[in-house]
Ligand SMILES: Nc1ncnc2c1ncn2[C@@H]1O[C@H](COP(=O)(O)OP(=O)(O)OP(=O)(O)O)[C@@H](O)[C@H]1O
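Just the one chain here, laid out as structure tokens, in the form predicted alone.
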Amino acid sequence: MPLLDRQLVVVTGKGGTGKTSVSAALAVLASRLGKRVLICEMDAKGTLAATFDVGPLPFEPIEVSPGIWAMAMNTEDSLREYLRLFLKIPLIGRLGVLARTFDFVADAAPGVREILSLGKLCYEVRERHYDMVIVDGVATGHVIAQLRAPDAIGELIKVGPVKEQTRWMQDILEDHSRSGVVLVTTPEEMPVLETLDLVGRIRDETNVDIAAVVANRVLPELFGRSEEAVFDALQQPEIVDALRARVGNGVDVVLDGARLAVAMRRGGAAHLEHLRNELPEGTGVVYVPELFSRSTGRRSAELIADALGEELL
């Protein structure tokens, strides 16, 4: 199933790989196709708001760009909405004692807090309020708990309305034509290893589909083999001395920069080759180049969306 045809996409990745930027870029790309998109920041760090050049995001979705609505997850607001929608309990103001009781239960029972967060987004998918829901998810170390939340609650509660809620959430999450996970990595050793580990855990511990792996900040091949041979020749001591005499000491910076660019490109290529070789057969890898741009916020998301569009459309 093509990535942009999914209704629910959970984006995760090791911290620093550009998870939020890729999430925002997917939302931009989907909106260009005429889709109504909801994007939700799960960890409420504020980085998604900065990506769209807006203030702090509330729980209630706001339109941050044509066709794109954004929100930040808040467990208490999600609990209030759950009680109102599914248990028909009207609540006004803060939850007070009920919220403290919920915190106690959530700390004791695995999956309770996660089911409210993920359940809110599955509800938006079920009700078709948006064509696509993108989850700027938690980092790789915690995403399994969210993906397994319906299973975990289902194991604790065997009958009743809560059991029914987890069943339809599970149906949405495990429908590969509707939902999937996108893992964001960079061409470096630790992000690649962590991505491969998470791929294995998702396959072993859940029935959720891996929609794609996004390799972010991939360095282009600035120099071919023939150019590398030229730089190697230029680095001979007698030639370097002659160049210094002609153009000054700045030649060292140029030659060192070329050497570093080649080394980083080769190192990144080796890590990406390892990633491709170890991924399960059929797992798509999408490449986003290093943009070499000072753009931030919405402009940066648009540039990444351009790169994703070349791969996905």
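The first residue of the sequence shown is number 1, and the count goes up from there. Predicted model only: the values in this text are computed from it and were never measured.
The same protein has a further form, the form predicted in complex with the named molecule, not shown here; the description that follows concerns it.
Arg217, Lys120, Arg113, Arg148: which sits within 4.5 Å of the named molecule in the model of the complex by any heavy atom?
For this set of options, the contacting one is Arg217.
Looking in the model of the complex, any heavy atom of Glu290 within 4.5 Å of the named molecule?
Flag for Glu290 set to yes.
Since only the chain is shown here, I'm wondering whether Val10 would be in contact with the named molecule in the model of the complex (any heavy atom pair within 4.5 Å).
Heavy-atom contact with the named molecule at 4.5 Å: absent for Val10.
So in the model of the complex, does any heavy atom of Asp43 sit within 4.5 Å of the named molecule?
Contact check for Asp43: yes, within 4.5 Å of the named molecule in the model of the complex.
For Thr47, is any heavy atom within 4.5 Å of the named molecule in the model of the complex, or not?
Output for Thr47 is yes: heavy atoms within 4.5 Å of the named molecule.
Thinking of Leu26, Ser31 and Ser65 as one candidate spot, does the named molecule come within 4.5 Å of a heavy atom in every one of them in the model of the complex?
Result no, not one residue of the spot touches the named molecule.
Looking at heavy atoms inside 4.5 Å, which stretch does the named molecule contact in the model of the complex, given the options 67-75, 227-235, 171-179, 209-217?
In short, 209-217.
What are the residues of 1-36, in order along the chain, with a heavy atom within 4.5 Å of the named molecule in the model of the complex?
Heavy-atom contacts to the named molecule in the model of the complex: Lys14, Gly15, Gly16, Thr17, Gly18, Lys19, Thr20, Ser21.
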